[in-house]
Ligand SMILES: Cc1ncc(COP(=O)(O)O)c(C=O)c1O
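Just one chain follows, in the form predicted on its own, and it is written as structure tokens.
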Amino acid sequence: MITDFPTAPLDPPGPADREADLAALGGPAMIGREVRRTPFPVITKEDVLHMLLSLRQDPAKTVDAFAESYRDYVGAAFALPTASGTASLHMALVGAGVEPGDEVVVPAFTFIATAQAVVAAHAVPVFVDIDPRTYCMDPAAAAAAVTDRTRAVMPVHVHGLPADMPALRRLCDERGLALVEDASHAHSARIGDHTAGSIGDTAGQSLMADKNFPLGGEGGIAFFASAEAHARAVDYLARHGIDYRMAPIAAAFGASQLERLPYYDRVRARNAAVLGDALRQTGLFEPPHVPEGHVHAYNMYRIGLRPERIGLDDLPVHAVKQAVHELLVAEGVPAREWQNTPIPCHLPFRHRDGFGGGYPFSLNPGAVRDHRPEDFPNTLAMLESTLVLCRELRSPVEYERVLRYGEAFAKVAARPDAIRKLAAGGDCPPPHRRAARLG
């Protein structure tokens, strides 16, 4: 039977845990194999009852009720529930007035669905580099990429940190462009009093089962600041006969989960703060940077490495990262890479087959570039020097587990000799030299 209960309790770390040898060298792991599972989402009897009762209701009313509740939570003017996050991004672009052959500025670092949604709208993605601290779209790079065929700028709130929306808003207002948010990581993220999804002209957001705010299976939602944009998206679906409808059972699960979203948000914020404090004390590791006034949703938690602080600056940083990754995994910390090359270097944007015959890229050949990873130095530097925790800070992750994560990072940072031996002992190509990965 699958259960949300862990198989055993985790104790807070003690002196013996801190003093033990690294697990990769024969010591005990900070988190044993039997207690490494972090189940999410939490499914309660209320969730199950809510879904069962929804089967007796009009499916459209179930979906509409959920969409209205979540629209109100976000603070957007209009909402359109969809079958997936990619579908929501497609509708956000259509609602923003993007037409075939238009250019849409997107970041080189994101999930591939951001750029694929642009192609789905029959437009051409124009890739730009990221800010080296936030990992979100660099507003200056976006401004430099605008041409007379640019219709929209589409920042991504990467990992749950809102992009620099004030700067991007100024850019779009000055150039007469639409500002479209990819808020797929950013449930409850904010800038000041404004929640992600309600800041741009339109927005798309994934609600799939592994997000901070999960539906049962796949789902998404598009938000619109104006009735005109909303009507444009609804009309597009009708004219083209596209079925992007959200499943009512997924909506019913989402309606029940929405009541607990503020609780999940508080637990993640607490866990992120606890782990951040621990990382700052290691010397080697840095927590995510959060600009003043921004609220990070921590859909993912990207950790930076500073090898020079522990005398490893003579080694390639990507080799240090790979060694640290191996040592952390042995300790039971599920660190991972999550992307290893800029999105324009993935096959769909290298071959550009599109819908066949190179469409829609053939509509605007002047916007097409044969990119190399080196065209995006900030993205490359980030990919070579960071690791990610994905779902491991979400509720109901125990406080003791977060403490043990922190101790594991400290344990690894205290052994530069072990890191050096691993980093210098084998062939380690830079991440972007390996086959492109989606996650």
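Heads up: residue numbers just count along the shown sequence, starting at 1. Computed from a predicted model, the values in this text were never measured in an experiment.
In what follows, reference is made to the form predicted together with the ligand, a form of this protein that is not presented.
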{"property": "Segment assignment from 106-114, 71-79, 141-149, 253-261: heavy atom within 4.5 Å of the ligand in the predicted complex", "result": "106-114"}
{"property": "Non-hydrogen atom contact Leu363 with the ligand in the predicted complex at 4.5 angstroms", "result": "no"}
{"property": "Interface membership of Leu177, the ligand in the predicted complex, 4.5 Å heavy atom rule", "result": "no"}
{"property": "Partner proximity in the predicted complex: Asn212 to the ligand, non-hydrogen atom cutoff 4.5 Å", "result": "no"}
{"property": "Residue contact check: His318 to the ligand in the predicted complex, 4.5 Å heavy atom", "result": "no"}
{"property": "Interface residue in the predicted complex among Gly95, Gly85, Pro342, Gly197, criterion: non-hydrogen atom within 4.5 angstroms of the ligand", "result": "Gly85"}
{"property": "Listed residue (Met208, Ala367, Val234, Val329) with a non-hydrogen atom within 4.5 angstroms of the ligand in the predicted complex", "result": "Met208"}
{"property": "Residues of 166-197 having any heavy atom within 4.5 Å of the ligand in the predicted complex, listed in sequence order", "result": "Asp182, Ser184, His185"}
